[in-house]
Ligand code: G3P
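Next up is one chain by itself, shown in structure tokens, the form predicted on its own.
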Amino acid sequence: MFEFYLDTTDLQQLARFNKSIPLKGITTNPSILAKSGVGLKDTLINCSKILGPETRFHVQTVSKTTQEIINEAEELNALPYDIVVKVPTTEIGLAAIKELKNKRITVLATAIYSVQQGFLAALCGADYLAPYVNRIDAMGVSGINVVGDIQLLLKQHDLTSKLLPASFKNTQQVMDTLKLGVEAITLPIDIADQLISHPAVQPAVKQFENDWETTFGDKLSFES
């Protein structure tokens, strides 16, 4: 089943979107948590109250060596939540991913900017791959093409990693990514908001209301 995540810890927005979107959970990173000023433990508690006990959290390690990443990941995995450990796709990160998969810890390979990064992370056993679509575009390369090429390699080599693209600037990037058949996605709040709104919708709804009230007043549909 497709997994829809929001890339935020904003409790008000999570409560809002959880009413209209079937959220699997949230993705976080050190910058998001630092900006919120709320530590991981309180974030997990607060978000679980809103999204429910089956919420999946993607939480990034902040350690700097392979062994430290492994140790941190084990501590995260021991928390009483459904946590996917995010590990940057660097040389030491790939080494950590290999070891973490030997320990059967669920891992997301993050900060993917190239096809080869994604492919290597998949070979190391990463459960999720997070290519940064718009950040790749900003470097003069098509982020959509990178996602598509990784998806193709996963299929051709029978690899089980799920693509979970991140970093979007507009809804067109989102829709082009979804057309590639990715199994998950994470969106910032402003892009999620654009997905569920359109400037033509409210005028159309208002016209319906005016036409109905002109003929039937304040009656409801089943009362007419």
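Remember, it's a predicted structure, so these values are computed and weren't measured experimentally. All residue numbers refer to positions in the sequence shown, first residue = 1.
There is another form of this protein, the form predicted in complex with the ligand, and it is not shown here; the text below is about that form.
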> For residue 51, is any heavy atom within 4.5 Å of the ligand in the predicted bound form, or not?
Replying inline: no
>> I'd like to check something about residue 81: if you look in the predicted bound form, is any of its heavy atoms closer than or equal to 4.5 Å to a heavy atom of the ligand?
In response: no
> Any of the heavy atoms of residue 132 lying within 4.5 Å of the ligand in the predicted bound form?
Replying inline: yes
> Any chance residue 167 has a heavy atom within 4.5 Å of the ligand in the predicted bound form?
Replying inline: yes
> Which one of these stretches, 41 to 49, 151 to 159, 193 to 201, 167 to 175, sits within 4.5 Å of the ligand in the predicted bound form when only heavy atoms are counted?
Replying inline: 167 to 175
>> Where, within 54 to 92, is there a heavy atom within 4.5 Å of the ligand in the predicted bound form? Residue list please.
In response: 86
